[in-house]
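Before any questions on how it binds or moves, here is one chain, the form predicted alone, in structure tokens.
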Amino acid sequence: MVSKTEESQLQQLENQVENGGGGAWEYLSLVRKLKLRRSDKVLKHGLALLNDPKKRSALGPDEWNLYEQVATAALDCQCLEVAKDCIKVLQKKFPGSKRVGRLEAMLLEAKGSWDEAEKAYSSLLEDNALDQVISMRRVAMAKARGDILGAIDWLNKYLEIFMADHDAWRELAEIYVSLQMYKQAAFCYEELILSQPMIPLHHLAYADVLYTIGGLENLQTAKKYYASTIELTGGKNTRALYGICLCTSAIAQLTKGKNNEDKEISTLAAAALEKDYKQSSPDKVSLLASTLKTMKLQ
């Protein structure tokens, strides 16, 4: 995860480079270090360095890292001829390299040569089954082809090996939600909460899924996770506040008003929502009041 300091440094460098103030290599190096894409900027400034023989030679061994970075950016931007030229240079310098082979497979993928790309990825994984980038490329390729079930299959196989990859768990959860496979999505969010308990968005997403599934037990659990989201965000998450109110209303309907558990927290959530709306959307306060009245929270 990129820190605020790193983000600030990156933005400062980007503005400097964009305004002709120099520092293109420092900017490109920081983008690579932080594992960001910024593909359009990388392509623009990276290509300018590579096309200048004097600046290119001054990079020393880092010249080849830049070729790889520009090739990847060109693929992202669908500048396939640029990507092809960069890959050719790398092929000549590093014949038989698996790292270059990965770029070749990505070029096939970008061209839409799915079968050839799949063969290339399979061959590379035979040599190194623990290559995370290639494994995730197969997921991306399946999604690009519209094969969502295939993407799910590849993600599950990937997570059997790389269980600590939070981004993969989140991607799988989002796919499950898009397919209305909420129980499977809930499992993914449980894994995320276990590994990253202080990330409020995981708690919020899990609560949303449980609320959608419904049922008294799920609603009660959803309410707890909306509450933990509020706690982790210092009471500033409007969606979680509204979630508390929705859960309270749904639970009251299921129990026919017999369950008064946590009545206080729903009252506080409703009050916090009113305060928030008065500050940010005063013209919608009456609409909120009407909604809360319908939920019998006013």
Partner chain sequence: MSNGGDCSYVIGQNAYIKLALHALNHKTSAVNGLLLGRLSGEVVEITESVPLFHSSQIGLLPPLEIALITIEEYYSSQGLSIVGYFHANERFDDPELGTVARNIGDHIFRYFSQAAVLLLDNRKLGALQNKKDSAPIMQLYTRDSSKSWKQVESSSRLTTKEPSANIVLLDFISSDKQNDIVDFDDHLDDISKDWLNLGLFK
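Positions refer to the first chain, counted from 1. These numbers come from a predicted model, not from an experiment.
What follows is about the form predicted in complex with its partner chain, which we do not show.
Its partner chain in the predicted complex is approached by A205, whose closest heavy atom lies within 4.5 angstroms of it.
Taking non-hydrogen atoms only, Y189 approaches its partner chain to within 4.5 angstroms in the predicted complex.
With a 4.5 Å cutoff on heavy atoms, N156 does not count as touching its partner chain in the predicted complex; it lies far away. Using a 4.5 angstroms limit between non-hydrogen atoms, R145 touches its partner chain in the predicted complex.
In summary, the region of this chain contacting its partner chain in the predicted complex, judged by heavy atoms within 4.5 Å and restricted to 191-199, 130-138, 167-175, 103-111, corresponds to 167-175. For the options T221, Q91, S228, T212, the one in contact with its partner chain in the predicted complex, meaning a heavy atom within 4.5 Å, is T212.
Contact check at 4.5 Å (heavy atoms) against its partner chain in the predicted complex: none of S3, Q78 and E217 pass. Annotation for 25-57: interface residues with its partner chain in the predicted complex are R37, D40 [heavy atom within 4.5 Å].
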